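The data below hold one chain only, encoded as structure tokens and taken in the form predicted alone.
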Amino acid sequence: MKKTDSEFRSGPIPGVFATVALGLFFFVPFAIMLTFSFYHKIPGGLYEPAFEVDNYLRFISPFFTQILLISTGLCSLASILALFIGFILTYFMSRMNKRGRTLWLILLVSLLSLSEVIIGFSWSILFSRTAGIGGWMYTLGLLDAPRAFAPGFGALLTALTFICVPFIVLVMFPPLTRLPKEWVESARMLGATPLRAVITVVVPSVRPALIAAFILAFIYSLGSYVLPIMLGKPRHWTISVHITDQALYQANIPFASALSVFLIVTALSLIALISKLQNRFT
């Protein structure tokens, strides 16, 4: 007897395929990387099998502790700014008619099609000395001389916030559009100001989506590679840049593997936190 589509989807084949794919493309590479993170580095850019925790102990050294704090702090700040801007933008989009929402969604999705290299070059020109903001401010008499704002913390923070906003909007758009408009109108009729109505009614209703959007932006910005190199100074580099630096330029594969394990564990921990918080608030 031939199986129906519903019987095929509920059978063991999809589960086996998903398990094999997850094992081949995630668990096997992760196991290899985890193994290399305990290897011993020897002079000349080589390494040998061992079981050393020195690569992980380097995380608590003052130098790399500062790197981790700056990287996580920068990405957290960029995620908070992106969440603030994205929430406001999505809220006003949810109040538009269908045509207006569609146009804004097309615009935001088109931004996702741009590569990080194009975005980085665009912001580097905008923050340049002559053709960018520094030259404009000098022309208007706001500066005594043209000034370049990149590389710098502010330029990198702006670019990271920019690339995270579309992801925030895509996560926040479904729950905000499904939110009944009568709830906000009822709060307004009871005397709440527009801002207070949003804070007391809208924000608690979409709290799980806000948490998910923030963590998504944080993970994405933490893994950014091109923007920190183009717009930031070495002290502003994210963990992804330091992984490449250790693997390619310092020839320290074991320590680069340890940094990669730390990045993956951080991402998985945040995803687990999303699931726990969503189960708590739903």
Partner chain sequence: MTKKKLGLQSKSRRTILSALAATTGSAAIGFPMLSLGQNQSLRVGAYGGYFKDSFDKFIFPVFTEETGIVVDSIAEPTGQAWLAQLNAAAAAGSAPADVSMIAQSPMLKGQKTELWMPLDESKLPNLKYLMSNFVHRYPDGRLDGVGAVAWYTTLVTNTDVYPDAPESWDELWNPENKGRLGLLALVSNSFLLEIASKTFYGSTDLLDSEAGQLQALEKVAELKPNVALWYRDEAQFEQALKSGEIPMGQYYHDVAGLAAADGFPVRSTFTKEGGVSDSGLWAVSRASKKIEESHIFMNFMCRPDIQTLLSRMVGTAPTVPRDLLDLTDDEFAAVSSSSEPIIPRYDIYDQRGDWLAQKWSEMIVA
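Residue numbers count along the first chain shown, from 1. Quick caveat: nothing in here was measured; it's all calculated off a predicted structure.
The protein also exists as the form predicted together with the partner chain; that form is not presented, and the subsequent description refers to it.
The stretch that touches the partner chain in the predicted bound form, counting heavy atoms within 4.5 Å, is 120 to 128, out of 166 to 174, 120 to 128, 137 to 145, 106 to 114.
When the partner chain is considered in the predicted bound form, only one residue from I60, L69, V53, L248 comes within 4.5 Å through any heavy atom, namely L248. With a 4.5 Å cutoff on heavy atoms, I219 does not count as touching the partner chain in the predicted bound form; it lies far away. Although the partner is absent here, I239 is not a contact residue: none of its heavy atoms lies within 4.5 angstroms of the partner chain in the predicted bound form. Shown alone here, I229 lies within 4.5 Å of the partner chain in the predicted bound form, counting heavy atoms only.
Among residues of the shown chain, T65 is not one whose heavy atoms approach the partner chain to within 4.5 Å in the predicted bound form.
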